[in-house]
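As structure tokens, one chain now follows by itself in the form predicted on its own.
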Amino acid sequence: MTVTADARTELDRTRFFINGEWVEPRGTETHDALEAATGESLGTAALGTDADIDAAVHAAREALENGPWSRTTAAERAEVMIRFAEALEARSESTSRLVSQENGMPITLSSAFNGAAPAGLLRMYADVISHTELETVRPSAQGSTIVRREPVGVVGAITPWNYPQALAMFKLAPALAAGCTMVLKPSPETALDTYVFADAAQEVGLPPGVLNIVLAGREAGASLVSHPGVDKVAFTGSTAAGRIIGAECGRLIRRCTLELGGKSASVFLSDGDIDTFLAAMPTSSFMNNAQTCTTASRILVARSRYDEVVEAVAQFSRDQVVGNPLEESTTLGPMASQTHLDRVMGYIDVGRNSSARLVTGGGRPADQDRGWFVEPTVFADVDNNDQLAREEVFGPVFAMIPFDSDSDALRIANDSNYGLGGSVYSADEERALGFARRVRTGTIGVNRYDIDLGAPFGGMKDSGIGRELGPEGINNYLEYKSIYAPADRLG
């Protein structure tokens, strides 16, 4: 698709959203946003400096301490959040399309995660806070104790490029519901779409300083993590970056939640149904071009069914419609950037140079002469100790591993530094459930894998700390306070 100069001008984001206003950047660095399917320019975005982050944090701190938001009632916040949801819904079609251009996400998926999900999450947490008791009175030996749940304070939210709207709202919605103020630092790889939140916030009258947005790279992101005005950091991204952020938050005794990488396993037991397994692959392994932290890139198969499943996965991969993500028939779009394509191709080289067997894929699609496309690639006979089985690829490269028994499969599934997603397939539901309960992972599906926005989501081991989503997700943004009061408070 060719993007006109006028369209690029409309998409430019050369200012930051701070204290309810569009402000000029303190620095001069910019980022040229490119369309993943074509490599052509979409628009230009300013990149923030430490000074821009400092201004945004000060605005959030002022709004927290002297603004109305943290002192509004739950019902008042919920009302604003509902209007915020409506404003985002009115923009959902154009937002979904923009994200697909930015990161290659197929438009049908983008419509769900970047169009519908943000508004749905705002409504969900508006309902959660409306039904959350923020102050209770308990009897005590000396009188009574008022137990309050207050906003944790200023939140620094750092979000990735793969689901930019949804993953930002994983943090924004519960934080807003709790009465927090925020500085959101999105990823430069999706430089343009996050400011849609600012457009909607202005429209609905969100008080100045409650939501501040500064696009920036890693150095300015580090200044957000360590800024003395930040009370909590909410991060989604790589495990390597999460280690650095977690260490800094530990040094500062600062609250943090970390949703990090994964190397999830799909486990096909000896009595699994091949049609059920293949029906689940679009969400378990291929969702968002396999640029998903829960991607089941390790496929463990009972040896008695191994050849059959290897061929079925290979054929499923060959059948993917690789093309422009704006076409509804496309099931596999491009990688998000040239840099990321190079990373994925590097892992394909790793597989080629191992003892594994390349079954299908392994290169660039012959009919795509521009953009950052890669063939879905399947390696069989992978050893679980191989680099391809240990490290997160974040692209459609799959390692198929045979096992001899359920206990052997469980050992292999748990033999990973990660623990975020996974799935198990069996005709015997109780067998599958028993297996699922023993896998060390934060989420796992039985004969499917679909993330439930109403249930807690997060990882074990190197996949992170804390949980987002569900009613439990608001706990990240609330702090307990006990007020020791006279006995007559019991009423």
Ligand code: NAD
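Keep in mind that this is a model prediction, so the values were computed, not measured. One rule holds for the numbers: they count along the sequence shown, beginning at 1.
We do not show the form predicted together with this ligand, though everything after this point is about it.
Practice problem: Within 4.5 Å of this ligand in the model of the complex, counting heavy atoms only, one of 123-131, 389-397, 313-321, 83-91 shows up; tell me which. | Solution: So the stretch in question is 389-397.
Exercise. Answer with yes or no whether residue 262 is in contact with this ligand in the model of the complex, where contact means some heavy atom within 4.5 Å.
Key: Flag for residue 262 set to yes.
Quiz item: Would residue 188 show up as a contact with this ligand in the model of the complex if we use heavy atoms at 4.5 Å?
Solution: Within the cut-off, so yes.
Quiz item: Does this ligand come within 4.5 Å of any heavy atom of residue 176 in the model of the complex?
Solution: Result no; residue 176 lies far from this ligand in the model of the complex.
Quiz item: Hey, in the model of the complex, does residue 78 get a heavy atom within 4.5 angstroms of this ligand?
Solution: Residue-level check for residue 78: no, no contact with this ligand.
Quiz prompt | Sole residue of 154, 300, 167, 98 within 4.5 Å of this ligand in the model of the complex, by heavy atom | solution = Checking each option against this ligand in the model of the complex, the one that comes within 4.5 Å is 167.
Quiz item: Just one of 241, 344, 204, 280 has a heavy atom within 4.5 angstroms of this ligand in the model of the complex, so which one?
Solution: Of 241, 344, 204, 280, the residue with a heavy atom within 4.5 Å of this ligand in the model of the complex is 241.
Quiz item: Quick one: in the model of the complex, does every one of 161, 245 and 293 get a heavy atom within 4.5 Å of this ligand?
Solution: The answer is yes; 161, 245 and 293 each reach this ligand.
Practice problem: Pull the contact list for 327-355: residues with a heavy atom within 4.5 Å of this ligand in the model of the complex, in sequence order. | Solution: Not one residue comes within 4.5 Å of the partner.
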